[in-house]
Each structure stands twice: as structure tokens, then as C-alpha cells.
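So this first bit is one chain, no partners, the form predicted on its own, shown in C-alpha cells.
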């Protein structure tokens, strides 16, 4: 009974902030403006602008997840070689913990103040003949959003992937070297296969992180809705086209379905990683 009471706050939190909103989305996606059952909201997902927004979101999330995973994994390995408990290691991990949560409007403002039209780096580069002010690349989803999203994906990858890198045992490398294996052989046949499930799982987590991001994109992109979170926001806040709230819920249901598939794969890979590393 005591254990049940201890878990009640978590169950209440999950119910209020996860189960209830999901239930509202599912029910709303199947109702029309008169609260009658309909499949019209779900069929609207095939509209070109909505399908294009889903595609752009998937591509944006996949690209930034891959970039964040690669550079974050390299940084995690570099940090793992530092002295355990040393000041450098503590400083980098603490900094990544902060940067991984540094998102939303604050992150968008930081980039605008740095490389925007009147950003301090833009103005400084103008003095040496490099002009960034004539380009709108920061406000384009295929350029600016990739850079901004990758910025918070890399530190998140370090936090998620560092425990797996630290789980590599020195005896495995010594055994490979004693058998005549080179560094390439060690990473190709020993460390690589062991870290692969954790790396792919972390990359899936980064995909979900980018796929659900809204505030940063909303602050950078003022015209159009090229990604699905902005499409959903438009259906809920538009004063031009009314009665689109349930279509927004249908789009949210599509996002929930994609995230559910990705997180299921992540859970499977995480269990395999735990088994390999003996945790």
C-alpha cells in the first residue's frame, strides 16, 4: 500500500499532462464542428499543404537528429577520455545539460541577436567585407532551422550517449589488441556493434525532440507553416479560417502516431543496449 501511495503523484502527473491531452486529441480528431463522428478530419491529412508539412517536419527532424547524433557522439567520446570527476569533464557535462534545455523563443532570439540582420556577428563581419545581412537563411526551414535545431541536439546527444560510451570496458580493447587487432578492428568488431543500439536509440530520441519542437520555429518563421507544429498552431489561432480546430487535433494525432512508433523502437534498442553493457 505504501508503494502505491508513493507512485500516486507520478500517476496523477501522467494522467493530467499525458493521458488526458492524448484522449482529447483522439476524440477531437474524430468529431466535426457539431460533435458528430466523422472521418473528414483524418482524410484532411492528405491535403497537399498538410502532407508537405509532415514531410518537411520528418526531413528536418531526421537531418538534425543525424547531425546531432554524429557530432554529439564524437563529443561524448572526447569527454569520456577526460579524467573522471575532473573539472573539464564536469564543466562540459554541466554546460551540455544547460544547452540541451536552452530552446524556444530564447534560443531563437539568441541566434537573431547573433547572426540576424542586425546581429553583432553580422555587423562585425560586415567590417571585414563579409555580408550576412542580405540573406534570409536564418529564417528558412531548410537552413536556419537545421542550424538552430542542431545547436540543442548536440548537447542532448552527449547527455544521452555518454553513459553508453562510459560503459565500454578497457578489458575489451586490451583483448582486441592482445589478439593483434588494430584500433579500426576494435571499433569495427567490438565497440561499434556494442554502441550501435545505443547510438541509434539516441538518434531516435533526438528525432522526437526535433519533431515536437514548436516555439523556436514559431519565433523564427513568421510567414507560412512549413512544418506540422506550425500548421497545428495555425488551426488553433487563425482568425481567417475558423472551425479548423479538429483538423489540428487530427494533425496532432498523426504526430502522436509517428512519435509512438519512434519511441517504441527506442525502447527496444534501449533494452538491447542495457543487456550488452550489463547494466
Partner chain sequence: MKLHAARRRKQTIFRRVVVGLLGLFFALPLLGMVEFTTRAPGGGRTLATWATLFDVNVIDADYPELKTGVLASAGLVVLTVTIMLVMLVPTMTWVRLRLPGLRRTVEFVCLLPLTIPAIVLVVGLAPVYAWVAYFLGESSLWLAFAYVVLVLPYAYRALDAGLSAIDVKTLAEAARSLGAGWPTVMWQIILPNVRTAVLSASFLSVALVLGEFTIANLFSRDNLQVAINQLNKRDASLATAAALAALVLAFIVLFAMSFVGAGRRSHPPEEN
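Throughout, rigid core stands for the largest set of C-alpha atoms superposing within 1.5 Å between the two forms. Numbering follows the first chain given and starts at 1. Because the structure is a prediction, the values reported are computed rather than measured.
Omitted from view is the form predicted in complex with its partner chain, to which the following refers.
- Though the partner is left out of this view, residue 167 does not reach within 4.5 Å of its partner chain in the model of the complex, counting heavy atoms only.
- Proximity of residue 111 to its partner chain in the model of the complex falls within the 4.5 Å heavy atom cutoff.
- Although the partner is absent here, residue 143 is not a contact residue: none of its heavy atoms lies within 4.5 angstroms of its partner chain in the model of the complex.
- In the model of the complex, its partner chain stays beyond 4.5 Å of every heavy atom belonging to residue 37.
- Annotated contacts: 58, 184 and 269 are all free of its partner chain in the model of the complex [non-hydrogen atom within 4.5 angstroms].
- When its partner chain is considered in the model of the complex, only one residue from 191, 78, 125, 200 comes within 4.5 Å through any heavy atom, namely 78.
- Core-aligned CA deviation for residue 14 between the shown form and the other one: 2 Å or greater.
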